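The chain below stands alone, shown as structure tokens; this is the form predicted on its own.
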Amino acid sequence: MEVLEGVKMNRSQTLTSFLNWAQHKLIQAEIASPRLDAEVLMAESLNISRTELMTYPGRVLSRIEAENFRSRIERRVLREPVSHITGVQEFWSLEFSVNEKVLTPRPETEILVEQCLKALAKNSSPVKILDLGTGSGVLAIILAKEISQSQITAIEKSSLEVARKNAMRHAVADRIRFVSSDLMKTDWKGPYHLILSNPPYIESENLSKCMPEVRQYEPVHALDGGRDGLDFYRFIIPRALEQLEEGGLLAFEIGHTQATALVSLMEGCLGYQDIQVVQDYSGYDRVVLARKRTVNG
């Protein structure tokens, strides 16, 4: 009779027994959310919802189901992100495909989406948007879904396979033009009402200090912002002035210590007005916004 660290593989072993075992293993591995991760991985391995886990706590796992679950927990113990194990990440209450080639979207990035939608709420004509470094495509896709009269260009240097798959999944592929190119070397083809980006912003020397889920599994090109983390902002801020229409919005996600530097860079261009810093729900600086100065501004 097979044993999984104290959980016997027999007909008396229930879904709850395996969840308790997994939670214990993840606590030992210093996982931040052991019970949640165990439930998500159990639901994924059984192809059911987390609600169903609660509904049928006495369900007995078959040998194959138990082995599938164990393999997922072993991967999580090695600090592989849950999103990489399941292949999906929830964002904006939608599911997006992710893998090791793209940055897994974080909850705090929803602040960037909220601010962009708020700023564009009064635009009635077709809205032209540029998403720089689209990655998995989540920002472009959500804006396309939320703004029916939007025309979006999304630029990404690495693979666009995941972004295109997500656009098809959410039925907005016809309104997003994906461009496979280095944002620093391609023609942005403006003007735009909105230019937004969640660029790499971690200082190069701090990459080794990131949590294992990030350091070992996320793509470096989506993390490394150069010596002080500001390389992409320095390039984008002046160039965006050339590609925004008058009154057009530039919106960034930032590292929580970078707001002062970003505001200074924007003020130094002399072409921006209404510069604003927005905090996330934890109270950290997370988004910087600015509008291109109008003739009478």
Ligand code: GLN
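Please read these numbers as outputs of a predicted model, since none were measured by experiment. Note that residue numbering follows the sequence shown and begins at 1.
Below, we refer to the form predicted together with this ligand, which is not included among the displayed structures.
The stretch that touches this ligand in the predicted bound form, counting heavy atoms within 4.5 Å, is 192 to 200, out of 89 to 97, 152 to 160, 192 to 200, 166 to 174. Residue-level contacts in the predicted bound form: of 111, 85, 77, 223, one residue has a heavy atom within 4.5 Å of this ligand, and it is 223. Between the options 227, 209, 118, 106, the residue in contact with this ligand in the predicted bound form by a heavy atom within 4.5 angstroms is 106. Taking the partner from the other structure, this ligand in the predicted bound form has a heavy atom within 4.5 Å of a heavy atom of residue 214. For residue 37, no non-hydrogen atom is located within 4.5 Å of this ligand in the predicted bound form, even though that partner is not displayed.
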